[in-house]
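Shown below, as structure tokens, is a lone chain in the form predicted alone; questions about how it binds or moves come after it.
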């Protein structure tokens, strides 16, 4: 429980639209400005998705590189690229975010399994997972292992056994997505018990499960993620003012739990990343 709490901000996501919230950042500059404001509020990691000029999800390495560059020009937050991108983007394109070598990020997500996601299919076939893990290893990018169901943990362990993922391991329990685990805090003790010793983990609650899972994760020594990717409502019926507003509340929750928010340097030291 002594470790500082890593607060991650996910400002855009692949699915959130301007119809859902007019302030969703879409361009590299807008994303960087939202991230910088969130960093000032207390976020230590930025989980970023890229959008094209029409606001659609894109895996274009040039756009991801521009986002990372814009963020680094404004703040010292740890930049994490999402390789999930969007359900309609082929995995061959998503792989290029990492394999191209063009995107200068510290971390990136690795989803270990093909699954139903809401009304679509999240395509993560074994050959993609293997190639993505190899590319992250080659380019010294630390994986964040995204777990949407209990069985995904064993697939992550296989990558570790193959020597493709170095320790300390970092896991995200994504909960509340149709097709994956429900957003039930009662599942967290089981999930945590299945992690290799020394693993870093966070709970990601979608929409109404965000706050309950944040409370539970903090009580169990875990970390939390907030932002427009997961939820645009700050309270029932009221849109959040900004991603930073979510971060400020997360900082308050961390303090209430008797813990301290991590700095970007805390994250780098804890995960052994640059």
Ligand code: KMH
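What you see is a predicted model; the values in this text were computed from it and never measured. Numbering follows the first chain given and starts at 1.
Below, we turn to the form predicted in complex with the named molecule, even though it does not appear here.
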Residue 87 versus the named molecule, in the model of the complex: is there a non-hydrogen atom within 4.5 Å?
yes
May I ask you to state whether residue 201 is within 4.5 Å of the named molecule in the model of the complex, using heavy atom distances?
no
With the cut-off set at 4.5 Å between non-hydrogen atoms, does residue 171 touch the named molecule in the model of the complex?
no
Examine residue 91 and determine whether its closest non-hydrogen atom to the named molecule in the model of the complex is within 4.5 angstroms.
no
Want to guess which of 150-158, 111-119, 186-194, 98-106 is within 4.5 Å of the named molecule in the model of the complex, heavy atoms only?
111-119
Within 4.5 Å of the named molecule in the model of the complex: residues from 224-261 (heavy atom criterion):
229
